[in-house]
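Next up: a single chain in structure tokens, the form predicted on its own.
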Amino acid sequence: MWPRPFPRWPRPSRYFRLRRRRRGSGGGGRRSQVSGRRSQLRVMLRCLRSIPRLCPAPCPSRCLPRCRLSAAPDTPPLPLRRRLAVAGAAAGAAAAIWLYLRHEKEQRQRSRRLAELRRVALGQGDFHLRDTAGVERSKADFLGRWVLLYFGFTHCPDVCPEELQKLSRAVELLERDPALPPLQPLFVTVDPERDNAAALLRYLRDFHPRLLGLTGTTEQVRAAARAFRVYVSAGPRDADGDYVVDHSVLTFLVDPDGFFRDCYGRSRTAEEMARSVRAHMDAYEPLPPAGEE
């Protein structure tokens, strides 16, 4: 027997046909989206063609983006020499400003240093003493010269001779260089009762020939010691009337303006003292009068 034919399906309704039609129209929707995008691209390309080129001459397609980002034809690029000149001028101006600010800073620091030196009372007080020839000496007599000054006494058993020997050696080392300014060594006694002019003259013969001894009354010696803040104290007397004077063991450096510059204790050698004095001489600048900084 022949197979039985399939039953006939009922005709779909209108809603079903519309629905099928809508489902089947998906490819057309995508095509419309693609065409819409193409139309948008065409509009954008027309807008870009309407923008004038920044490059004055027509150029190949590979340099077109670079030309559009370059400068306008009204402002051509500067030549290399002019650009280098502008860069050099800018660098020179920056260097000049930096040097000016540095100079101003150094001037302010120097003004503060000068003010501090004038406020310091150490070594600025005047003194009035006599040398071994009996000539009255004051601080004004040594202005314009560097001074190495030591406070001691002739009856000192060991410390003062060692310090004076070291001072004399430092002066000899500095005298080897004729380019250095003159240096005057001074010895101020702290025992004026026993150290008169004759005693100082005999005592100082064993040291530097230009070492100048100074003495005076008890009040004058104490005033000079106070000017340099030197501690002085006479010890008790023994059965023979002898005594030892306790004092600060320091050698002071005074510049040609009469200001204290440095001091050297027992731990410093003659070579170290000479190097320090030389450094101060090399860096020395005369102080202007007050109010002229």
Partner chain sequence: MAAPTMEERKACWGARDEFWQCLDSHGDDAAKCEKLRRAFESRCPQQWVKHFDKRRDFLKYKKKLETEGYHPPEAAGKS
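Numbering follows the first chain given and starts at 1. Note that this is a predicted model, so its numbers are computed, not measured.
Just so it is clear, the following notes concern the form predicted together with its partner chain, a form of the same protein that is not shown.
Original post:
Can you check whether Q165 is within 4.5 Å of its partner chain in the predicted bound form, heavy atom basis?
Top reply: Within the cut-off, so yes.
**OP:** Mark V244 yes when one of its heavy atoms lies within 4.5 Å of a heavy atom of its partner chain in the predicted bound form, and no otherwise.
**Re:** Although its partner chain is absent here, V244 would touch it in the predicted bound form, with heavy atoms inside 4.5 Å.
Original post:
Do L211 and its partner chain share at least one heavy atom pair within 4.5 Å in the predicted bound form?
Top reply: L211 lies outside the contact set for its partner chain.
**OP:** Indicate whether its partner chain has at least one heavy atom within 4.5 Å of a heavy atom of T132 in the predicted bound form.
**Re:** T132: no contact with its partner chain in the predicted bound form.
Original post:
If contact means any heavy atom within 4.5 Å, which of 142 to 150, 199 to 207, 101 to 109, 87 to 95 contacts its partner chain in the predicted bound form?
Top reply: Stretch 199 to 207 is the one.
Subject >> Contact residue in the predicted bound form, from R169, R222, H155, H128 (heavy atom within 4.5 Å of its partner chain) >> reply: Looking at the other structure, the residue within range turns out to be H155.
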